[in-house]
Ligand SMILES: Cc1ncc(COP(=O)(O)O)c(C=O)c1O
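Next comes just one chain, in structure tokens: the form predicted on its own.
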Amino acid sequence: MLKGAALGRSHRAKVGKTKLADVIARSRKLLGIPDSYMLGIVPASDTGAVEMALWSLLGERGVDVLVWESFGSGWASDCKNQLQLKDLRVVKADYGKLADLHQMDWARDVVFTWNGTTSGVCVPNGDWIAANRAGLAICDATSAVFAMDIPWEKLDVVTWSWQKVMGGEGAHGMIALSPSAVKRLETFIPDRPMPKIFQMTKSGKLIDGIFQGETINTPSMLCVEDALDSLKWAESIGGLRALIARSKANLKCLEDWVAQSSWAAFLADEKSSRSNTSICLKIKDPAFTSLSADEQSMHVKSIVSILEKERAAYDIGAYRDAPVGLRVWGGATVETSDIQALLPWLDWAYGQAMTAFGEATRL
């Protein structure tokens, strides 16, 4: 895999810049990103890419932020507390639910996550986004890109990272900009200091080099090689349609199991907005739901510990801000046969944890 890698070479050398440009070109082709959109590699994973967009673009007009999980909540908090936007509206829904998309005013800028990585709830499509919008649609799509259909023409800013659906290493993000987003960058001057790693313009013009492989800061060429390997693998199995099919097969496997389960249910009640990557489960067993919040948390931690000890599953607990439960990754790099192999372990671990809790209670 590392034959021909640019390890130990400068990212500014011809070989390094060529590889960075190749990541951009292969990503564009695989995802079907329009030629009119700019696509670049930026610092600090998806988080850096989203913050770059928020700091550089917001403030010209009112802003709506959709929130139904942790990361959307974080973007709303940054808009309020860090950017201190004067005209800000937050439209919120509880975990497991989708915020009311039809409340959006497309004369305003709208910030949202396509897929709630911590809630397992995603937007079903882009039909709710106005085609003739005056504001910008700014989308954190980090656990959706490469596994879900993304209507690029309905989005003005799309961000993601290498590590989510494609299973790559972290630290680097990607940002796609529509012509409308580029126009905003070149005509709007934010009334705030702009950190260097967020600057996409110079003297009122887009810095084209960012979108040709000239990164703002030093990238890891090992991570770049890993990203290229993932993209080449995706191409070899049939491209985007194959990636989406693999992820959907993983969700279907869990759906069939949940339909027969006496204790597990999806956190996302609505099938149309249920994620096929970050698949979040809650526990419906009355013996569990009757426990106190602390007891429920201890019980789930026990399940996670049992599975890790047996090397059947790792990091499977719900996100720290999410309701108590489990989260199974169903992205395109996961084999459905591995999901199938996991399911008996989930039933066994749940039974083990409940038995242990009952015995401890009797003692």
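Keep in mind the model is a prediction, meaning the values are calculated, not measured. Residue indices: 1-based, along the sequence shown.
From this point on, the text means the form predicted together with this ligand, which you will not see here.
- Screening 38-46, 54-62, 334-342, 298-306 for residues having heavy atoms within 4.5 Å of this ligand in the predicted complex returns a single hit, 38-46.
- Q163 is the sole member of S178, S261, Q163, S230 with a non-hydrogen atom lying within 4.5 angstroms of this ligand in the predicted complex.
- With the partner removed from view, the residue among F71, F198, W257, F266 that has a non-hydrogen atom within 4.5 Å of this ligand in the predicted complex turns out to be F71.
- Proximity of W75 to this ligand in the predicted complex: non-hydrogen atoms within 4.5 Å are present.
- In the predicted complex, this ligand stays beyond 4.5 Å of every heavy atom belonging to S247.
- Shown alone here, S119 lies farther than 4.5 Å from this ligand in the predicted complex, counting heavy atoms only.
- The closest non-hydrogen atom of D140 lies within 4.5 Å of this ligand in the predicted complex.
- The partner is not shown here, but in the predicted complex the stretch 111-135 reaches within 4.5 angstroms of this ligand through a heavy atom at T113, N115, T117.
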